[in-house]
Each structure stands twice: as C-alpha cells, then as structure tokens.
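Just the one chain here, the form predicted alone, laid out as structure tokens.
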C-alpha cells in the first residue's frame, strides 16, 4: 500500500489527466535513507504511477556528486520538478499536507510550459538580470503557505535567473534557526532579504526586485 489512500489516488488520476507535456520528478536521497527520505521517494514514485506523463529518477546524495552539484542540492530529501529543462523548482523535505498541492502545481506548470503569471507581474520581473534564490519556509499544516510557494515556483519557471525552494521548516530546524523563522510562510531572498505572510503575486514580484536592488 502506498502513502496515498485509494480515494486520493482516484481523485489524483482525474486531476493529472490534464497534464500536457512530460514531467520529470528527480529525487535525491541516500542508501541509508535519512529521516523522511524514504517517505519522499515513495510519495514521488506513487504519484508517478498516476500519469504516463511522469518519469522518476532517484540519485544518491553522497554518490551522485555530479548531479548533486548540477542541481545545487545541499540537503535531503530533495525533489526537483523538471519539464523540458530545469526551471529551478525545488522541494526540500516532504511535500505533505497542504504542500502536496504545491508539488502537483509544479507538475502542472512545467507540463503546460506556462508560468501562469499576469502580464503586470511579468513586466515587473522583466529587468531581472542576476541570479535570485527564493526560499519559502513552510509547514505541512499551514493553509497559507502553498499560496506563496506556488507563486515562487511560477517566478522560477518564468525567469531563468530565479530558483525557488520550498523548505519544510520542521525537517530543517537549523535553517529555521539561521533565518529566524518564527512563523510561516516566511520568504528569504538571496539570504539577507525576507518577509513573512502572503502577498499577491504583483507585490511579491516587487519584493523580489527590491531585494535584488539592495532592499
């Protein structure tokens, strides 16, 4: 029996029937699987059985150093969602609870090859000419976190300069401490700029540009 219940699987098959193009799910774990690594791998493997559009590749964090470096993976479990190319979409930790929907949204974005952002938002991001790293700290019980994660993922897909990470706070307490994550969602941009709470995508994009311009 998989992680997902039979009822959930039935509903997901219907939802995933709308996928258009191929979706690569790339999992980073290790032989002696870390806490939550097995659950993350099994979740991805079960999801991949629900649509012929999915493919799964599993890499060892300690052995597959070339891939680890290529994808910029510095902690596990990690999941990369990739379409025709790597769009900088990363999940660190187990995307469970409300964040499972974020994983499905990432698959939808890359499959449809569409960031689904408003023209106004794209215009705000258009001058971006340097690398941006967005980390969204979440918990699986936070109903507002996926709203922020999904926007960050869309930014990453729309702009090759952006990488967006979902970071499950309870699985990486040292990072929660490092970035003073006292409530979620918390967004950290390029290590030093941050904000808490939910912003509409246009205001979120403005914060990204503000961070790039030095705050």
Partner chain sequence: MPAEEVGVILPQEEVEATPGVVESGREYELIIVGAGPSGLTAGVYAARKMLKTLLISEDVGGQILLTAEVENYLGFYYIEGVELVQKFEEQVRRHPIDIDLGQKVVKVEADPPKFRVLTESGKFFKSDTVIIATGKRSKQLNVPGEREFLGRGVSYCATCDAPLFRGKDVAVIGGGNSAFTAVNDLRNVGATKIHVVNILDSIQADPILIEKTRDPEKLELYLGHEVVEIGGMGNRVGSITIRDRKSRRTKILEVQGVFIEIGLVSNSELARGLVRMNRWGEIVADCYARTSVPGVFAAGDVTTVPEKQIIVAAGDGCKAALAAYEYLLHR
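On a predicted model such as this, the values are computed, not experimentally measured, just so you know. Residue numbers count along the first chain shown, from 1.
Although it is not shown, the form predicted in complex with its partner chain is what the next lines describe.
- Against its partner chain in the predicted complex, the set 135, 207 and 214 makes no contact: no member has a heavy atom within 4.5 Å.
- Contact with its partner chain in the predicted complex, judged as any non-hydrogen atom within 4.5 angstroms, is confined among 178 to 186, 62 to 70, 49 to 57, 158 to 166 to 178 to 186.
- Residue contact check for residue 111: none of its heavy atoms lie within 4.5 Å of its partner chain in the predicted complex.
- Shown alone here, residue 191 lies farther than 4.5 Å from its partner chain in the predicted complex, counting heavy atoms only.
- Under a 4.5 angstroms non-hydrogen atom cutoff, its partner chain in the predicted complex lacks residue 30 among its neighbouring residues.
- Though the partner is left out of this view, residue 143 does reach within 4.5 Å of its partner chain in the predicted complex, counting heavy atoms only.
- Of the residues 94, 107, 125, 80, just one reaches its partner chain in the predicted complex with a heavy atom at 4.5 Å or closer; this is 94.
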